[in-house]
Each structure stands twice: as structure tokens, then as C-alpha cells.
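Next up: the same protein chain in two forms, each one alone, written as C-alpha cells (structure 1, then structure 2).
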Structure 1
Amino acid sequence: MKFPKSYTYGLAVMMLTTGLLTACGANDSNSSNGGNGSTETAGNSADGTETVKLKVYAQHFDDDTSKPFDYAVEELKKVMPNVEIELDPAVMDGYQKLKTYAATGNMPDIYFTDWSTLQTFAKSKNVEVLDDYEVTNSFKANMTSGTESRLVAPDGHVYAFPDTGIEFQLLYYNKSIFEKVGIATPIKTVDELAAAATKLKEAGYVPMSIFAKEKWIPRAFYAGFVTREDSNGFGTLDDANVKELPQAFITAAEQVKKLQEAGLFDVNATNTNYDQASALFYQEKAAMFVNGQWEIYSSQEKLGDKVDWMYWPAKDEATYEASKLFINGAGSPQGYAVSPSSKNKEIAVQVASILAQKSAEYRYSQLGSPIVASKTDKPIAGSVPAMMDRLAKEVLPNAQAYAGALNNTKISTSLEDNTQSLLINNFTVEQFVSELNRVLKKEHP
């Protein structure tokens, strides 16, 4: 899609058009099979410099992930022509493959991962602490305002270079199907969403497609309802004084269960992966889909004007209006990290920074996304997808709060396990509350 350069993006992204990239640039790269000591030095580049091969484990699933990565690799060649990237495409498995690499001593030089995995790797010494590297200071100085929590962890350390800003989840829906079935929008309450699920199911559609085989997505779905009751979201559970599940979390669990019992999800939801779930939505067999704002590009490409996103519903209209701009997303650290065992660790740190910054550059200039971690002086190359434009003008400048990050890995794991179970017929809200209370009491004695 060609975008007119005259497009101006509004208040939400004005800050992104200022500042130049640091000299080392930025790249969104992916590498091949991880391996402890996997860095290779082989042969010479055209200018006679010794070639350094780095294995990078990173997301390369579709256009939304592969194009920023490929762009970053090409940009990397301009500033570090002696570096050769070997891509190991990440598997959508909650970083289990990466954790297996760590357990078997087979880490890639550079890898992309989330805060939960970084915490685990910090304890097992599988991630390089980046605090004292000069490139870290340069990266920090070039970050867009408000994204610092993506780089600096709650413990004060830097473990990875982020490419995106604070991301969040959206509820996507097919406007054409809604009109055909006779469902009015916007849906503001959980009762309205449950009624819509019943109508859609009776009309032969899967009401909402969700790839709940990956535990993070039912957790994210549940988080959307939590933020309607508590703007701090899961961050509330990090408080050592919280020894039992707060009412906001119980209410949200009751709402998710109500929707499950109303038939919102396919019966095989917890065995469904991303490819299967997205195919249902894009083939117009499912009326709704849940994923992060990054899904805007694929959904608009495949469904065009038929697709839009909706705000998370609440228990009543008053709560909906008061809380719809509480954002279901937290600024926890993530991004391109470096293995301490890399044979060319110093070079790998520089490359990781470049991959992150150049990925951000692509996302902003080519995709029109304002949700990036690094500033760039490159203009947006064309028109922005309608749903992203709506986010930039309607949501980002007016956001009232972003959910807090949950840093306790055991509580986070329990949430993932039990929110996934909420989508199963025989699992009750009482069981959910009991399991979470057990973990909270153990973690907050």
C-alpha cells in the first residue's frame, strides 16, 4: 500500500518525528538456531574485514514481523558490513523453545523475548546485563518519551533493547458479519457481548476466535476486563499487601466465565494456535478476534473496511464510559537481548541495539505505527491504516492510564495457567480464585 508523504499524524506522534537515530542505528533482525558460543568468525568481507556471524532468535512469522526484521538486517549492513546475521525464526510457543536453548546451553548470540523470560534468564545467567555499555546510554537518549519502562527493568537493570513502545490488546470484529446478524455497536457491556455471542453462534459463526493454546492470550483477554475495574491491572498483584485476589479480579473472572458459557469461544479454543485462530477470522468464519494492536496491519490487509476494533466492555455502561481509556497494556521490558556466552559479545550488543532501533524506524516510517521505542527523523511514507489512525487520534492522546506491569513470575504463571482454564467447561470461578489465592499467600506471606 502506497502512503502519501503529506499525511500528518496528529498530536500522538509529533514527538516521534524529532531526534535523529544514534550513530549505531537500529535493526529488527532474526537469526538462526541458537547455540552457546554460536558466534562464528569466517572469512573476510569485501573490505577485508573479518566476517562475524551472529545467530539471532527473533520473530519472523508474517509481513508484520518479517518486514521490519529484513529492513533492519539491510540497514545493519550499512553500518556493520562485516556482520552476517543468521536467522532462527521464533516459534509462537511462549518462548518455550528459547527456554530449551537456555536449559541445554545452546543460546543464540541475540534473542528477542519478553519480561517474564528475561527475569528467568537473569537468575540463570543467560542474559547479558547491558547497564554499563556505551551503546545503552546512546539508546536510552534516543527513546521516545514515555517508553523508558520498556528498557529499564524494575530492578534498575537493562537486559534488552526494545523496538516497540507500550503495546496493548484489542478486540477486533467483522462489521459486515455484525450487520448481517443484526448486532448493534458499540458493544459496551459484558451482557451485550454475551448476547452477541449467542446470536452469532445461532447464525453459524464462531463468535470470537482466540489462539488460547498460547497461554498469554487468554491472560491478556482477562486483563482487559480487569482494567475496567482497576486501571492498574495486573500491576496491583505485585503489591506485597495483596494476599487475596481483589474484587476487581474476581469480577473479571466471573465475566470471562459468563462469556465462555455463552459460547463466545470455540470449544477447541485452548488447543487452537495463532494460524488456526486467525484463519477463522480472515476466512470470515469467526466474527471477532483478540490480539495486540500489531494485528491491525494483517486484519486491514485481509478484510479491508470490514474490520474494526472495539473498546473492552464493562459491567455496565457507566463503567464502560469511565474506563474505556484505561489501556490493557503495560510497559514492561522486552526486546533484543544478548547471551553472555556469545563469543563476540561486544559486537552482539551493538547489533542488538541496531536491530531494535531499525525495526522501530520501519514500523514508524513504513507502517505508520506511533507505538515505537526509538525516535526517527524519517517521515511516514504513506497513509496509515484506518484502525491505526483511529488509535493515534482517538486513544493515544487521551489515554487515562496504562496497566501496571506484573513482575512476580510465579503469580504471572498462575494467571496464565488459570485464565486458560477459565475457557474450559468444567473449570469454575471458585477454582480460579482458590488457585490465585494460594499463590498470592505464598508469594506475599
Structure 2
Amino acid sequence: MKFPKSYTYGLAVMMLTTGLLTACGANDSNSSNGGNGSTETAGNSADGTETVKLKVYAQHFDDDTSKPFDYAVEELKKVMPNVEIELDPAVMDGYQKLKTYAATGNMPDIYFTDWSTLQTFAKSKNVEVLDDYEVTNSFKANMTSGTESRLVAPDGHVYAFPDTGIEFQLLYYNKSIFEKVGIATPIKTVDELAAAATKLKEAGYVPMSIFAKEKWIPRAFYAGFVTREDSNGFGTLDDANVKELPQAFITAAEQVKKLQEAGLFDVNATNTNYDQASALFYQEKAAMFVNGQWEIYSSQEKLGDKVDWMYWPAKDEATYEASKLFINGAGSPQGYAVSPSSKNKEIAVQVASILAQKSAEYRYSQLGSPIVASKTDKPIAGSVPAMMDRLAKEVLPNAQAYAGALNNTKISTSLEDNTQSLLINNFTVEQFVSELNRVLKKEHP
């Protein structure tokens, strides 16, 4: 994503003028904020052009979050030298602080957030609708195929510019442990996986380490089985006509329960965090691991050629072959959004789009990740891990379907709670079904 030079120049001039205009015309709704208002139009810089300061609230606390962002900011300077980014670093708090900013009328010009927060902000007019902006069209035109659902919300509007593509989870396994214990690969059915679990356990391994203290992971593990039965995945539950848990979901629950009873998980699974679970896998005490595709980098680094990923198994081989290219990840909007109260809204929209595209560029060119929302003409620097290569060649071009998004937060949190419970003894499939039926009945009257 490189701008031609002349275009860059024109863009800068254009934005400068709009910047001036909006700065003059903006009504000062944030004046009661004292010195902490969101935007400031600072004085003139040396060459006589006016600098625009934008406050950006984005995750910036480790390599995964700070490197793409810093890269994007550097690249932004080349395209829009008059824009100064003031970073307000966010941490993972469920967007609690961002919501407080919204409640106190103290929104940053640009912020990074997820779909559930965007929904609330759309209702309360704390997010700018980007549908009619010029940049939105050019952003859309430059997206990688199949990622539109990251940009365009189910209600048809555009609220934020995404950087990553549709992410999904993989089952990682240690090839050398599988060989040692004598487990044939690929595992295609749930029964085979259950048998493997028993074998591994007898051989003294933890069959699968899972950081189920974070509830999204048992939910994702379960989603994998649902997708084998229903390509729409959790998206099916968003349909207001679904008043009872469909068979696909019951089958998947029975499968997870069966695996739990076969000893696939550690007894402490629901109280294991990422660091404990990954340590078990990397020290080769656990034979399998479940996490998003982003785990490819560290697993390749720690285990080299010993590690690979496999498709989620299904009830029988025929189903497996028919459905293995149904992707369990669902695309829901996420990314850099703009506050309607920003004094330099026009510029902020431009900047948000560039931040998203440039951070995608970093992920693609520096990390070799094909899971990005926008295309870039920068080549991949360095080598791509074999597992990522396999993903890019075997899965992404052949993907038959992506799961639908589940937008209802109540059903979604109930799935998290109850899939986590499936991993412990004494919690039955019947309990699972009746809990979800109760929530479905309430949400889809």
C-alpha cells in the first residue's frame, strides 16, 4: 500500500485545508473538560504548515501490539507529516476505560475497539459512521478477499477500519510425541481423538493443554466442532427463529463431553492460564494445544519442526472430508474508529484508515501473516513459518465457508460460561442444553 508521490502531496494539501476548516468550524462541545480535551490544534511548525494533533487510544503494551502500531505511525509521518499522533496506550480491560471516556465525554479522536463496544457506541453516537467517506471506498477496494465482514457491520454500516483479517483457532500437536506414543495422523474423527487422548494419558502426557481460565478458549474449541456440523457456526444462534438449541450444537456438546471424559484435558484445565498451558506444550509435557493462528510464530520458534496443526475432527470421516475447510472463525467488525466529537474529524478518518492499512502491512510484510484485512505490495521480508505457509496455501484459498458472527452478547457469554463448564466433571450435556435453551428462549421470544 504505497501512495504515488504526487497523490501523497495532493492528499496532504487537501487535508491541510479541511483541517483548517474543521478547526475553525468545530463547536467547542468539550470545553468543560479542562485541559484534557481530545484534540488540540497546535501552533505552526517551522515550515509554516499547521500541525494537527490527534489523540489515539490503541493497544500498545507488548511486541504484538506495539510493533505494528509504531510502524504504522512511522509510515503515517511519511504520508501526512502535519499530523502528530499522541498515543494513549490501552490495555486489555474489556474496553472499560474507553467506555468511561465515552461516559465523561472525553473521547480520543481515534480509538481501537471491538464489535460489541462499537454496537454500544453506535447507539450512543460515540462513533463516527464512515459510510460516506471517500477513504472508506478506497479502503474497501483494497481489502483482501473474504474479509468484508471485518469492515461492514451486519447493519450495513462502516464504523471502523480493521487491520487483521478473520482470525480463527487451530489444533496444534507435537508430531514427535504422537509418533512415540503411536498415534496415526491425521486424526479425522472424534472417536480417534478420544482414543488418542486415552493413549497419551497412559503414556504420561497431558493430551491437550488448554487455557480454559479464559472462557473464550473453551468456546472456540467447541465452535470447531459446531462448524463441522453447521458451516454457519455460532452465527446460526443469531437467528431470532432459533428458540431451541439446534442439533448441531447438541452433537458438538456431546463430542466435547466425550473428549473430556476420555481425559483429553488436565483436571485443572478451567483454572489454567495461557502461560501455564503454553509452558506445558512447549516443554513437551502436553501433546496438543489449542489457540488462534497467531500461536504459529511462538510454537515454531519453541518446537521447530516437531509441531504442526490439524483440522478439527468430526463425527465420521465423510463429515470430516466434507467440512474440514469450513473455517470456525467469524468476521465481525473491529479496528480503528473515529469519535464524532473530534475537532479534526476529516483528518482523523484518513489517519484511522492509514493506521489500519499500515499495521496490516507490517503484519504481512514483517511477520508473514496472510490474515490481514488489506492488501499491500510490500514483499514478505524473511522466512514464513512452515505452518503459516501451509495455512496460506492449503486453507485460505480453498476456504469453503466462514462461520457467521454471533452478535447477541447474552447468548455469547452464556456459551462461554457453559462450554467452560463442559470441561469439568459432573456437568452434563443435559445441563448445557437446558441452560442454553433458557437463554435462547429469553433472547428470542
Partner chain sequence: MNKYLGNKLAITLFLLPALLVYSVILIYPVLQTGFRSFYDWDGLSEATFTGLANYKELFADPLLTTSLRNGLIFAAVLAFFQIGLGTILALVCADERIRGRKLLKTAYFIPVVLSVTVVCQLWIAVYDPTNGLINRLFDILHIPYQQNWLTSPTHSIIAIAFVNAWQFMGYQFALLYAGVKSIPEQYFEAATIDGCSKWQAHRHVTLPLMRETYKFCFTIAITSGLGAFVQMLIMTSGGPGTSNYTLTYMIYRYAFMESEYGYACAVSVLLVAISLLATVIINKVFDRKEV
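For the two forms, the rigid core is made up of the largest set of C-alpha atoms that agree within 1.5 Å on superposition. Throughout, residue numbering runs from 1 along the sequence of structure 1. Here the structure is a predicted model, which means the values were calculated and not measured.
Structure 2 derives from the form predicted together with the partner chain, whereas structure 1 comes from the other one.
Taking the rigid core as fixed, one finds a CA shift for Gly263 smaller than 2 Å between structures 1 and 2. Once both forms are fitted on their rigid core, the CA atom of Trp312 lies less than 2 Å apart between structures 1 and 2. A displacement of less than 2 angstroms separates the C-alpha positions of Gln169 between structures 1 and 2, with the rigid core held in common.
The two forms, fitted on their core, place the C-alpha of His157 4.7 Å apart, compared between structures 1 and 2. CA movement of Ala356 between structures 1 and 2 equals 3.7 Å, with the two forms superposed on the rigid core.
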